[in-house]
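A single chain comes next, written as structure tokens; it is the form predicted on its own.
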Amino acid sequence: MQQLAPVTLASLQERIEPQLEAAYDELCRIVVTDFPLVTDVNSHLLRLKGKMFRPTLLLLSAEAVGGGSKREETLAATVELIHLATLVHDDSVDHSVLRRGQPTVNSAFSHQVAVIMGDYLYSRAILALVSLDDPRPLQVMAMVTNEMTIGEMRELDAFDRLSYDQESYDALIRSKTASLMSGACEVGALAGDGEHREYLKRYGMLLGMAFQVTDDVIDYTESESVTGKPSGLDLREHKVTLPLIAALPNMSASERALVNGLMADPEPSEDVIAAVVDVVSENGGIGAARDRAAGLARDAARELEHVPDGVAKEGLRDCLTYAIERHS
């Protein structure tokens, strides 16, 4: 891949906006209930309408192999629903108070409600998949949700461990983030004859890894006004991500002591967080992580070489650009 030109989410979704809107309407239909508390939480969550990036991957993958039916809109809705469930659980596990600039479910309601609500969203997604009377997308999403659960456990195991290496980090992001993007592309590919299923599955996995690496860079480089959540959140929560992993071998003893001090402090100050961000940047961590994301995107682009040419394939290429060039 050559130097990537900026691509906005709006530009890559413009052509499929009608299908995305239909998928979102389907999501709203799937989660409806007459139980008041669940209705209240649903209303809160739906006000935080996300970027619909994973449904975008599914719809573009389906179109690339010749699909494009109402069935794909339901599948896109279930993918976004599973993603939403993971966010609700993530925020509760991390005790996060903001998501997209708004209160999380656990802060607006309670941690108990957040855990149960995440389970509710998962179960509604499963029911919607069962209703399609096709075991293939259900099998893919069952594997994905299991893999994401393992990813959550890997992330807990990564706390406060400065010996955490890139191999362990890669295993974490493959499970926690990339598995769902891979699953979205694979399920989209089921609209075709199966010839391109593995290529799109691998494309989604590599894209998802690049997306998460970029997300971890953004946590070091962007402000709360851009991301909708506090900057330096990973350091505040003692999460070891690729920028820190890449920078650690280059640090002096005093710089390493600063990082150790942050990790030992249950509530590190903003000044200490800012100082560690500077140290990570000065020791090449952010640059190395960006290079890694770009390399993963190039590998993903090679998988697309096996996919039929067309507007949808170009849209999938644009998704790679967006994944590593975005700022939030």
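Residue positions are given as counts along the sequence shown, with the first one as 1. None of the values given here were measured: they were computed from a predicted structure.
Not pictured, yet referred to below: the form predicted together with another copy of the chain.
- The candidate spot formed by 248, 272 and 328 lies out of contact with another copy of the chain in the model of the complex, as no residue has a heavy atom within 4.5 Å of it.
- Another copy of the chain is not drawn, but in the model of the complex it has a heavy atom within 4.5 Å of residue 135.
- Proximity of residue 154 to another copy of the chain in the model of the complex falls within the 4.5 Å heavy atom cutoff.
- Using a 4.5 angstroms limit between non-hydrogen atoms, residue 81 is distant from another copy of the chain in the model of the complex.
- The shortest heavy atom separation between residue 124 and another copy of the chain in the model of the complex is within 4.5 Å.
- Of the residues given (71, 100, 111, 256), 111 alone sits with a heavy atom within 4.5 Å of another copy of the chain in the model of the complex.
- Note on contacts: among 301, 38, 294, 277, the single residue with a heavy atom within 4.5 Å of another copy of the chain in the model of the complex is 38.
- Heavy atoms within 4.5 Å of another copy of the chain in the model of the complex map, among the stretches 237 to 245, 182 to 190, 203 to 211, 127 to 135, onto 127 to 135 alone.
- Contact annotation for 312 to 328: no residue has a non-hydrogen atom within 4.5 angstroms of another copy of the chain in the model of the complex.
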